[in-house]
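First comes one chain, alone, set out as structure tokens in the form predicted on its own.
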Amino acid sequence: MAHKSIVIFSVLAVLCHSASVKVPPIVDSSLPVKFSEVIAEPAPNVPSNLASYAYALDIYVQTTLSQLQCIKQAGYCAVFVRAYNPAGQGSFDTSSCVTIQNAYKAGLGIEIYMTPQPVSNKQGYQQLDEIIQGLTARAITVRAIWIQVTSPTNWPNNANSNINFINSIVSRARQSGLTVGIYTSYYDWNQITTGWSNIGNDVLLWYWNVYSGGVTGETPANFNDFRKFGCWTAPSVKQFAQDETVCGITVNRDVYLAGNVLKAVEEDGKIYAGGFVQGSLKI
């Protein structure tokens, strides 16, 4: 689950366990991007002949209807919207409501992610409760939540504490009937949880792998570079690009299996958003 140069989404400069994966410098986890001082440049066009994968963007800033309509016209099928800001003790990101409502009007699939604050005086489940309550109050019902677990230096140096914190969010999400996913990487997960593998087979994976910010730092927009870690034998989403501009906003770019995102629907005056109907493609 912010800064002038991106989105996510947040999260490095230690060598990864695999020589094939380059790990960027660590930055503040309140920033969705992993690279600092990168001047965002226009993203390449979305390929027109996609079969297995669909393209998405992850964003943390309030986004207008015209921007989201432009994103839709540019070939993107979904947006991942940050609904929890880790600044200070952490708080519900009220700007997410406008973005979600505009994304629905633009006809985009919508997923919700949170960048939790692991050193807050609030428990993980309380932070998720803030999201659910905040969105519900604005007539938005969430069907799934993605939890950002990145930037190891922003987490306590205690794997058991970190596991308990993450598990409290996952447990609350299950109690609330939500599909749960984790946004992380092989390196982040091993550093923060020492490779915790008992989170549950129902928890989906959104992994990131880029060489650096910008177009030249992209990795292929597919799952071919995925390697098993934690409990995951296959991913559902991959972030393959960071710090690029689309329709005038700085974003990170993602791919997911085509057809997997449920469309946002409106019933009884409420917007229902989020939820992968199929978890992953076995690799």
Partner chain sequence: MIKLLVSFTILFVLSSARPQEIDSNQAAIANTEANEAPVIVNNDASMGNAVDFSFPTNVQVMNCLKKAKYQVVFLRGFVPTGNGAFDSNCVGNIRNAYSAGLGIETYMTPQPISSWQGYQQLDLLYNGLNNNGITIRSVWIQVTSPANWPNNPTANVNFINSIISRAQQYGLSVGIYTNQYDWSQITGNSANINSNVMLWYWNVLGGGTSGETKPTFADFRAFGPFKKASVKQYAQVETVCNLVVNRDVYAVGIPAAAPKTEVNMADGEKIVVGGFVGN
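Residue numbers count along the first chain shown, from 1. Owing to the predicted nature of the structure, the values given are computational and were not obtained by experimental measurement.
Below: the form predicted in complex with its partner chain, not depicted.
Residue 96 falls outside the set of residues with a heavy atom inside 4.5 Å of its partner chain in the predicted complex. Although the partner is absent here, residue 87 lies well away from its partner chain in the predicted complex, with no heavy atom inside 4.5 Å. Residue contact with its partner chain in the predicted complex: residue 225 places a heavy atom within 4.5 Å of it. Under a 4.5 angstroms non-hydrogen atom cutoff, its partner chain in the predicted complex lacks residue 92 among its neighbouring residues. Remark: none of the three candidate residues (101, 126 and 130) comes within 4.5 Å of its partner chain in the predicted complex, counting heavy atoms only. Exactly one of the stretches 101-109, 67-75, 135-143, 158-166 approaches its partner chain in the predicted complex with heavy atoms within 4.5 Å, and it is 158-166. Along 145-168, residues 150, 151, 152, 153, 154, 157, 159, 160 each place a heavy atom within 4.5 Å of its partner chain in the predicted complex.
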